[in-house]
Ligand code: HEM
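Listed next as structure tokens is one chain, alone, in the form predicted on its own.
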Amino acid sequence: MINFKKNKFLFDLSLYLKTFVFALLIFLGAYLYLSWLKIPGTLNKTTADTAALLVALSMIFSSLGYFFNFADRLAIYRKHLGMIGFGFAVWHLLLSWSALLNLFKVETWESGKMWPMLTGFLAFSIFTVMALISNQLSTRLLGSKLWKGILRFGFLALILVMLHVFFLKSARWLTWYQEGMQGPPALSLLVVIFTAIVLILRLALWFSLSKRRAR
């Protein structure tokens, strides 16, 4: 019998398979939720929300692990959640390609409509760099300190994702609120709230560590 934990490649593969199944469940749940709400462009929006949730999850464990012991055993899935989340982000980019091309048109900039595309493109660019260096070779070549520093730009990318979604969906959120919040909230709003929680936890971790070093 193969011992997966002693075979690093097989163990890593098993983590990817488990994460992929988890990602498919999130994707299916998001697709059914958006279909129930009768949101147009369901497939594209599902890939975007799934990507954001998976990447945000991959970045929450360092903060959760500091404050809550139960999260330590889940931290092993950080890279796998991030990489599969990036795969969904690539899918979202391909589905949005025709819209993204408008970013390079003069009229888009003159009308001020470039912000959703620009923030999304910048976030995707940062996630691409993070995906490319998520390996041991990059860690050795860059050095641990620089490697970790580059990965921390992921939190900036999360802010850009929030702005991307805000520019696209805030009008719908406002309408839902003004109409008395009848019916379930948009999935995009829930994604932004979860992403904000990830960032708040990171700030809390930074504040706690800074306070400890100051003693």
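The structure presented is a predicted model; accordingly, all values stated were derived computationally and were not measured. Numbering starts at 1 and follows the sequence shown.
If you look for the form predicted in complex with the named molecule, you will not find it shown, but the lines that follow are about it.
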query	finding
Answer option from Met114, Leu93, Met83, Met130, heavy atom within 4.5 Å of the named molecule in the predicted complex	Leu93
Partner contact for Ile26 in the predicted complex: the named molecule, 4.5 angstroms, heavy atom	no
4.5 Å heavy atom contact, Ala52 to the named molecule in the predicted complex	yes
Proximity of Ser188 to the named molecule in the predicted complex, heavy atoms at 4.5 Å	yes
Phe121: touches the named molecule in the predicted complex, heavy atom cutoff 4.5 angstroms	yes
One stretch from 177 to 185, 163 to 171, 146 to 154, 63 to 71 that, in the predicted complex, holds residues within 4.5 Å of the named molecule by heavy atom	163 to 171
Residues of stretch 41 to 65 in contact with the named molecule in the predicted complex (4.5 Å, non-hydrogen atom)	Gly41, Asn44, Lys45, Ala48, Asp49, Ala51, Ala52
